[in-house]
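First, one chain by itself: the form predicted on its own, in structure tokens.
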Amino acid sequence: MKKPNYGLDAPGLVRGFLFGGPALFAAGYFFIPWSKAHFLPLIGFGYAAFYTGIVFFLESFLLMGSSYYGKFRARDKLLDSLQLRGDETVLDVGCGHGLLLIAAAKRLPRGRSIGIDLWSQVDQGNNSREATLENANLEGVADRVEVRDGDMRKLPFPDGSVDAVVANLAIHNISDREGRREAISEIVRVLKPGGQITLMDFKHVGQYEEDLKKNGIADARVSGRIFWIFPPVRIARGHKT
């Protein structure tokens, strides 16, 4: 029986660390004794390659553990914190393969889970609308999942139309500060009064808090670090009053 696939996060980075790490380790291993025998000032390069190779190799396993185990634990804790009734509309910004989107749909027997993405292949391989819809079908929630192509800086939804907005490792992909401000502004715009925002990421989270407050989320705050995901993440959250 086919199982849903929620993707390997940062596949290029994982492959680079997994194969590049041992290569650097081997280069350092052979270069250290050579430099001792022939040109001692270069020994620092050998030690740098040796230890960097070890770190890269270990990080490849941390990234894979995060993708195949840790992110599911972090996802469940995030969704638990929303305390959904089951009849809400939840928007997943940068939904990817549907990690949050589909898990939210399982908690919405009378509601709807909507995902939007530009389907970049950098953070996840085989990232596509079709792959996400297939996961929803395999998980038995296709009837209450909607997936759209779109940019989080220009969300194609009316003002005050969703009960909660979630995001996981998505907003940091906008490279410029102003673009991230636009995304936060759009997220607040489409949220209903009383609605919840929960944004999980490994960088720029303090900026998200700042921009949420500027857009009227008075109780915006940032959690401590969550180590189920590598690199560790934090959550910016708040309510629209």
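We number the residues from 1 along the sequence you see. Not measured: the values here are computed from a predicted model.
One more form of this protein should be noted, the form predicted together with a small molecule, which is absent from this view; the next part is about it.
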Item to check | Option touching the small molecule, based on a heavy atom within 4.5 Å in the model of the complex, out of 153, 129, 106, 77 | outcome: 153
Checklist outcome for this item: From 99, 136, 147, 90: within 4.5 Å of the small molecule in the model of the complex by heavy atoms is 99
Checklist entry - Are any of the heavy atoms in residue 64 no more than 4.5 Å from a heavy atom of the small molecule in the model of the complex? => result no
Checklist entry - Would residue 161 show up as a contact with the small molecule in the model of the complex if we use heavy atoms at 4.5 Å? => result no
Item to check | Proximity of residue 35 to the small molecule in the model of the complex, heavy atoms at 4.5 Å | outcome: no
Checklist entry - Is residue 120 close enough to the small molecule in the model of the complex to count, meaning some heavy atom within 4.5 Å? => result yes
Checklist outcome for this item: In contact with the small molecule in the model of the complex (heavy atoms, 4.5 Å), from 170-178, 212-220, 191-199, 41-49, is stretch 170-178
